[in-house]
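Starting off, we have a lone chain in the form predicted on its own, written out as structure tokens.
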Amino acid sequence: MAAYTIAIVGAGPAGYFAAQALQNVETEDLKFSIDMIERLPTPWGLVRSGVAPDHPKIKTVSKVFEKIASHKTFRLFANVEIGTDISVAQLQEKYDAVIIATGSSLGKTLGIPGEDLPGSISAADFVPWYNAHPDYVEVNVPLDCDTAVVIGAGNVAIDVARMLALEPSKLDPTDTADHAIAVFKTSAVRDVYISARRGPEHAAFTSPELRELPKLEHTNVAINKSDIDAAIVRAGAEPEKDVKSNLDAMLLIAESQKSEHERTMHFLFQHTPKQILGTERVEGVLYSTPKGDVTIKCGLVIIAIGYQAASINGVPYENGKVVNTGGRVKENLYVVGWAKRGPSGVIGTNKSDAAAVVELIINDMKSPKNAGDISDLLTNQVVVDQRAWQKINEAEVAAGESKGKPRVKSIRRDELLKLGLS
């Protein structure tokens, strides 16, 4: 029997699906011991700190993660940072294979004047701020203006705009961070513009996200019907399935618009941002459009044009991704998920992606190293293992029960460590 040791760096969806793929191919003659390493004291990655709080169904995938973690040869090492506490090279020496599954946490920038003004924020900062990520508690989100602009044409842009345009009491039964709910309840924002550089036929939204928008109880959603009509013509007689679904969903919104609510989400297409205007803080966005330059006055801009991976020493990066060939990086180092292919697809996309990389790993396998594991490398580090995480999880869920929420997240690292290790 061959028993191999695998280290997975990153405890988000890509990491768990890689662990699941390894567990699925185990036989009597092929076994894997899996050590999952996570920088934060908590696992689940974007499912905990990226998925919009008003989409609780998406978060139920965490039950799958916990089933994977219950496997007798799975161990969690959270609160351990690669590059600081231990290196990738050290892991490569100890393990038969090391899988990078760290995702893409850095927001892409527009590269236009005014982007650094106060009131101009990346979605990569805003989303984890309202999702109680320990590193983003202090992000300043100025909601003292009546108009906000979201630049981007993907689901993250819709999530961000929806959070800004929701009637804030709708967040009370969610696991939105308490500090964020308090700020949203003081918000003066009443108009939120989602601006896309290209036409509706090129938008990266998904139709389920679009079809949810008319269901918002206290928010108008406005799309110019002429924009959609023109896009339908440009898309041709036989558009791709996803494009047709999106255009159908947008046409439905355009043809049945509400106007009775005080909050409105507006969609702008063929608006290319040229400059974020302002002196001391954001005052507006200057756009280039087919009809000439236009300015949208606003006090808040959130940039949601994509993500790129944060680098780790010892891992080659290019264009915001880990340099790889089909998931193979070098020697016994591999990559899965967004760090491998860029920020594309939904959570489930990581499943097939991970299965393909695991097949590659198995084909590359030599004799087991039997060289020890991460326990030999961590001497002074406070580690959150699976048992400690379960204590954190149970405490958060219990705190939420009395408030009618799925959980109340502890935010600061010291609070999380106290819950898990006390």
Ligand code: NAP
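One rule holds for the numbers: they count along the sequence shown, beginning at 1. In this text the structure is predicted, and so the values were computed from the model without any measurement.
This protein has a second form, the form predicted in complex with this ligand, left out of what is shown; the following refers to that one.
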So which of Val88, Ala204, Val183, Val139 reaches within 4.5 angstroms of this ligand in the predicted bound form, heavy atom to heavy atom?
Ala204
Of the options Ile151, Val336, Ala97, Ala148, which one has a non-hydrogen atom that comes within 4.5 Å of this ligand in the predicted bound form?
Ile151
Counting any heavy atom within 4.5 Å as contact, can you tell me which stretch out of 377-385, 25-33, 361-369, 50-58 lines this ligand in the predicted bound form?
50-58
Exercise: Asp229 in contact with this ligand in the predicted bound form, heavy atom 4.5 Å:
no
Tell me, yes or no, whether Gly345 is in contact with this ligand in the predicted bound form, where a contact means a heavy atom of each within 4.5 Å.
yes
Exercise: Gln275 in contact with this ligand in the predicted bound form, heavy atom 4.5 Å:
no
Spell out, yes or no, whether the shortest heavy atom distance between Glu209 and this ligand in the predicted bound form is within 4.5 Å.
yes
